[in-house]
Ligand SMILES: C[S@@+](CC[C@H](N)C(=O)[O-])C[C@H]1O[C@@H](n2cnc3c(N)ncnc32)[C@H](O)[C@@H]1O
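Given as structure tokens, the chain that follows is alone and in the form predicted on its own.
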């Protein structure tokens, strides 16, 4: 199915975007995308640009091997094009799966959510808490629910205030009584979105941090508001035939284990960048509260399935670096980082891993591109959104160029590199390029 304007702007207008708004999501793009969205996700208009350029047909298949929260998948579905997403972060996988599941009765979702809300409000009232009115009494007098100790250790201190957390736990407990229903997972995703962006104390700028505490907030009505937005979006596509979307919980470095041979026509994706951003922190609060991560062991297993893009998910047995041991440029960058580390006397455990993680990152990308080849149909087109980095002791890493060189060695054609936008590096005060590396697989 293809939705009419205002879902799609004229392509000429999209091409004229300025650097300042290149990564912003447009108001008319909020349907489905804003059910839950990474703060740093690339925008829907970028996906549309390349779907158009690659002349993606309705009977084609679009792959996003680092699908995150599903921007490529949702945009493909809006165009009536089948898609496959690969994601190793269990919560992000869940978000993408739900955002592309439109086979839901919107009236059932709304009515059942109202029923859940009434039950949760009644429970809170019996505890002396009115969710519609700010609590002005002595919070210490309330018997507030808390996270188990193992779970509490996983989240940023101060991520959520005690009373809103208690309300979230009560609402979640109420929801779980309806777990067998078809709309349960959509309700959970709405709760996740409300939790992170409206109820918690988190802020993103772009790193996740803790802002001003919200001692009390109307949790139930905020959740219901997000439910109603879902309902409105689902009504737009009710009774339509939808393109198929499949989301696999898998490691993008092992695509040959999950993808059918010669099944993919187009790839549009944005892998993690090589920097010190721990991407699991972005989804940590909702992952813990909704039960996707329960302890440090769960977190460790999650990180092991991710591309090695930061020193917080590097492990002793990692050997992706063997894929690039003959790449002179990568070895030179790693040597420069290590030399500079020693000159500066940087001796922390993480700093000692800077050179190694650089090699592991590009080795992991080489492994990914190699495992992708069997799934590509002849003349498949690929677009990789990547960014230059200078996180490791201000040594410049030209990610797009290096990725193109690796792809070429693996048999891909490097068509060109598009400038998406520039951004100011806080460490060097230089403008870093975010680029789209365009590849082709002849087959």
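Remember, predicted model here, so these are calculated numbers, not experimental data. Numbering follows the first chain given and starts at 1.
Below, we refer to the form predicted together with this ligand, which is not included among the displayed structures.
Chemist: Identify which of 289, 306, 259, 160 has a heavy atom within 4.5 Å of this ligand in the model of the complex; exactly one of them does.
Modeler: Result of the distance check: 306.
Chemist: From the list 106, 363, 271, 164, which entry has a heavy atom within 4.5 Å of this ligand in the model of the complex?
Modeler: Of the candidates 106, 363, 271, 164, 271 is the one lying within 4.5 Å of this ligand in the model of the complex.
Chemist: Residue 372: heavy atom within 4.5 Å of this ligand in the model of the complex?
Modeler: No - in the model of the complex, heavy atoms of residue 372 and this ligand never come within 4.5 Å of each other.
Chemist: Can you work out whether residue 251 and this ligand are in contact in the model of the complex, taking contact to mean some heavy atom pair no more than 4.5 Å apart?
Modeler: Result yes; residue 251 sits at the interface with this ligand in the model of the complex.
Chemist: For residue 89, is any heavy atom within 4.5 Å of this ligand in the model of the complex, or not?
Modeler: Looking in the model of the complex, residue contacts with this ligand include residue 89, since a heavy atom lies within 4.5 Å.
Chemist: In the model of the complex, does residue 382 come within 4.5 Å of this ligand, counting heavy atoms only?
Modeler: No, residue 382 sits far enough from this ligand in the model of the complex that none of its heavy atoms falls within 4.5 Å.
Chemist: At 4.5 Å between heavy atoms, only one of the stretches 62-70, 402-410, 374-382, 388-396 reaches this ligand in the model of the complex; which one is it?
Modeler: Stretch with heavy atoms near the partner: 62-70.
Chemist: Heavy atoms within 4.5 Å of this ligand in the model of the complex is the criterion; list the residues of 31-59 that meet it.
Modeler: Result: 38, 40, 41, 42.
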